[in-house]
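Shown next as structure tokens: one chain only, the form predicted alone.
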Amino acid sequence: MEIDGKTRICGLIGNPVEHTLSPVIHNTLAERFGHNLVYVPFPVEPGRIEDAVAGAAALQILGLNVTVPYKSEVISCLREVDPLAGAIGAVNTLVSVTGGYKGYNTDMEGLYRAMESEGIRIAGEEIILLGAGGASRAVAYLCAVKGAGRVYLLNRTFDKAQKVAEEVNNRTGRNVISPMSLEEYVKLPEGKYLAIQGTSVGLAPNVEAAVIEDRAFYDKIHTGFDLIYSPWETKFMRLVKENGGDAYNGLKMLLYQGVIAYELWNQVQVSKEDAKVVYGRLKRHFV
């Protein structure tokens, strides 16, 4: 595309941002739609998130994604917050409004679209959720509002799992999240589970690590979904497959959270065909 005086800018704020694949998503969509728009990453130093948001508004930047470590901190910088993002307590997408930005969370719906695209259901499922950080908190909320039968939230620190469980149960009005310490996985009821891996265990350089190593645990899993997308196959995924289950990585979650952000910024609907093209370009970085 030719950049001119009418080119609109979107981008990503976080620290670090050098590794991001988000430009692939948004610049491909701009190409597909014929939009005069470019997407670039903006590293933001600690303590400067308020300056970054104010500066973006002053520069009339159309929209921003927000990544670690600012998804919660950015909330205080916004004119408005979507109720879902407020309930989750994290924002990953900023949409320009009069006087600043409105914050949304597209991670949760992005994960839901990703799982739907793989034929994975949440409603009525017995689910194991590993981790109680920001990503897992959004997943717990998703599972509760989408009708999961029971979610066993396992975390190294029980108190953190308990806090997340109480918050999600209270906000959704469903007593569906059951906190457990990580080592209590041996006490899980008999049955087959959908397991969602929401910790950072397995990321480079520790690609040969899994949050639970015991192969007996993986006998309980019919489907594993790891929010990590690099490496392409985590040890968690490998262990699920070796014990007869299906396993998926988080690249489609990355895809669809970006797709939803693009739809919010541009007031369009991204087709399945366009999403497929973007996913193909994302995959080139791994396979």
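Everything numeric in this text was worked out from a predicted model, so none of it was measured. Sequential numbering from 1, following the sequence displayed.
The next section is about a form of this same protein that is not shown, the form predicted in complex with a small molecule.
Of the candidates Val145, Ala87, Leu78, Leu182, Leu182 is the one whose heavy atoms come within 4.5 Å of the small molecule in the predicted complex; the others do not. Here is the short version: of Ala195, Ile177, Ile122, Val211, the single residue with a heavy atom within 4.5 Å of the small molecule in the predicted complex is Val211. With respect to the small molecule in the predicted complex, the three residues Ala135, Arg156 and Ser200 uniformly fall within 4.5 angstroms at the level of their nearest heavy atom. Residue contact with the small molecule in the predicted complex: Lys160 places a heavy atom within 4.5 Å of it. Contact annotation: Gly131 falls within 4.5 Å of the small molecule in the predicted complex, judged by heavy atom distances. Considering the small molecule in the predicted complex, the lone stretch of 92-100, 79-87, 109-117, 200-208 in range is 200-208 [heavy atom distance within 4.5 Å].
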